[in-house]
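Coming up is one lone chain in structure tokens, specifically the form predicted alone.
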């Protein structure tokens, strides 16, 4: 059967882009964290929507599972083969599909194929005097298709929303090989199902996104970044309120707990630019506008209680040094995990702002009980905290403790990384039986034979 599958796929995309050698497949078969991996029959690298549709039709006829993959920066195991399956599978890599076209400055829109990275999208926009509304540290590897599939957010959600809000049109291939959607980008297209809304966050289970019509936003040249230390997480939330009320140029408000600051400072071999108390926390605040936002930011900080220290930069290397304390945390975590010899446990959750302090206490207790190091950071304005456990040994116990409490607080067990394989068994905490039944029904219609990313978004997998 393997030979028949490989021959069929080769007839569609050519031998060069059907990878069967184990050494060539390896980087596609293990996720970024190293926690999730599996073996596939082949990695298939498509170059067009037509090829994707033909591959899907062939796999549908042969009962071959398909795991669509972009930059393989996922953290929940949703973009790599399953470790055990009773059916053959392929990884469908979309990285060759990275063209950008039809940029319209008047409409502030552009069309990008699914394999386009976020940095390529951003660079293309900036070359025309515009910018992109989504940004996060994995921008050089993470792709448009993956960002849509997980409804990714990042640092600019405060100002522009998640990836779902940026998709004005979409082209995708259903589980039977049919191509659906439109790339017209009409703001008042109100007829029938809105495919961007249906597919954003579906994690490759309903269709394979091949292209998207994307929103662009103004490019602001007047920027300011502040790394601020405050007395505690409550003071951080208070300052956030002041910023939202009075700083019109507010672009991002991040929270960095002391363990994360210490780790990234050690990784970069630099001194921390601001001081904080033992129970304090840090905020990284970005503002961007057509006019200098410095006075607005200074006034808001002066009106808030609990500010201990601040370092401020407007451009160039000084600003980049401050931004590194956010952008390179994940890299620092990965380096420490390699040193320990265990992949990190990453829990990406969100709770109401007034529950953030309680969440951090519960997360820390779970780390203490396991003997692990907790490294928390995240996006303060959305109550989204990335809880990274280094050296954790009882992963299920830590996950159960944290996710159960998050659900009890009215939060979500995944804020931007998706459910994937890692969190499927806890999906019932935030979705009712009726919700899950409806989701299964929709999935059966769009993917009748269940070949698209099996096990993802499936509580009983």
Ligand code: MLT
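Quick caveat: nothing in here was measured; it's all calculated off a predicted structure. Numbering follows the first chain given and starts at 1.
A second form of this protein, the form predicted together with the named molecule, is not displayed here; the remarks below concern that form.
Scanning 405, 45, 35, 417 against the named molecule in the model of the complex with a 4.5 Å heavy atom cut-off leaves one residue, 417. Residue-level contacts in the model of the complex: of 325, 377, 121, 282, one residue has a heavy atom within 4.5 Å of the named molecule, and it is 377. Although the partner is absent here, residue 151 lies well away from the named molecule in the model of the complex, with no heavy atom inside 4.5 Å. The named molecule is not drawn, but in the model of the complex it has no heavy atom within 4.5 Å of residue 156.
Although the partner is absent here, residue 89 is not a contact residue: none of its heavy atoms lies within 4.5 angstroms of the named molecule in the model of the complex. Proximity of residue 228 to the named molecule in the model of the complex falls outside the 4.5 Å heavy atom cutoff.
Stretch-level contact check against the named molecule in the model of the complex with heavy atoms at 4.5 Å: of 219-227, 111-119, 335-343, 378-386, the positive one is 378-386.
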